[in-house]
Ligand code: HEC
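In structure tokens, the next block holds one chain alone, the form predicted on its own.
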């Protein structure tokens, strides 16, 4: 409409109504994605910010899975599969047949004196509950207390030495004969560890080897007794059976010989710089 015509209509009192078609709101085009998003939000399906069960926080004290507990608290020292770590292997059937469950639980809970083994029980300054410690002990025994090899079955379990002699003297070294212990060491141990506890090739180690003071400060009497009895199968160190039958003795070590050789080793460690 021209401006002059519009002015004339206003002057004559004639006012036209605006064309409603030009002012009507535009209809939104149908968008399927918008509809899907609305449905997902309404139903609260995953993908809209709700965490999955696997991503939810789990309180440490509620974890009872053996593999998780062992991986978090034990594997750094004893190895991922219970062997080949700096600490003695737990993947050792002879050891697990020798040590009663209650003693295994006590070691995990309270730690071991004169060794790097810490206490894990909350009651002893650790972070694990009694239920978690029991889960570890049951898992260790259930996972690795399997049938023994041919050498280990050469003698009935009932004839094996006790893991601990007495509570006050776990290795029994108070009754050990140092002179006989040296004879046993030379007959059964020297072939691998060398004279004076050094390497068998005659090279002297700076710390004195297994009879040196440095090594002695890291281990307990009970540790020495255990290693003499079980050896370290993961590192091909023989048990008391093999160390005897494959040595000048030509037979397994007796309990008295085990006590004597541990007493000798401990005495040497205490008196060497």
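Residue numbers count along the first chain shown, from 1. Computed from a prediction, not measured in an experiment: that's the story for all the values here.
We do not show the form predicted in complex with heme C (HEC), though everything after this point is about it.
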Residue 63 within 4.5 Å of heme C (HEC) in the predicted complex, heavy atoms: no
Partner proximity in the predicted complex: residue 183 to heme C (HEC), non-hydrogen atom cutoff 4.5 Å: no
4.5 Å heavy atom contact, residue 193 to heme C (HEC) in the predicted complex: yes
4.5 Å heavy atom contact, residue 116 and heme C (HEC) in the predicted complex: yes
Selected contact from 87, 178, 122, 80, since only one has a non-hydrogen atom within 4.5 angstroms of heme C (HEC) in the predicted complex: 87
Site test, 136, 218 and 224 vs heme C (HEC) in the predicted complex, non-hydrogen atom cutoff 4.5 Å: yes
In the predicted complex: members of 226 to 244 within 4.5 Å of heme C (HEC), any heavy atom: 226, 227, 228, 232, 235, 236, 237, 238, 243
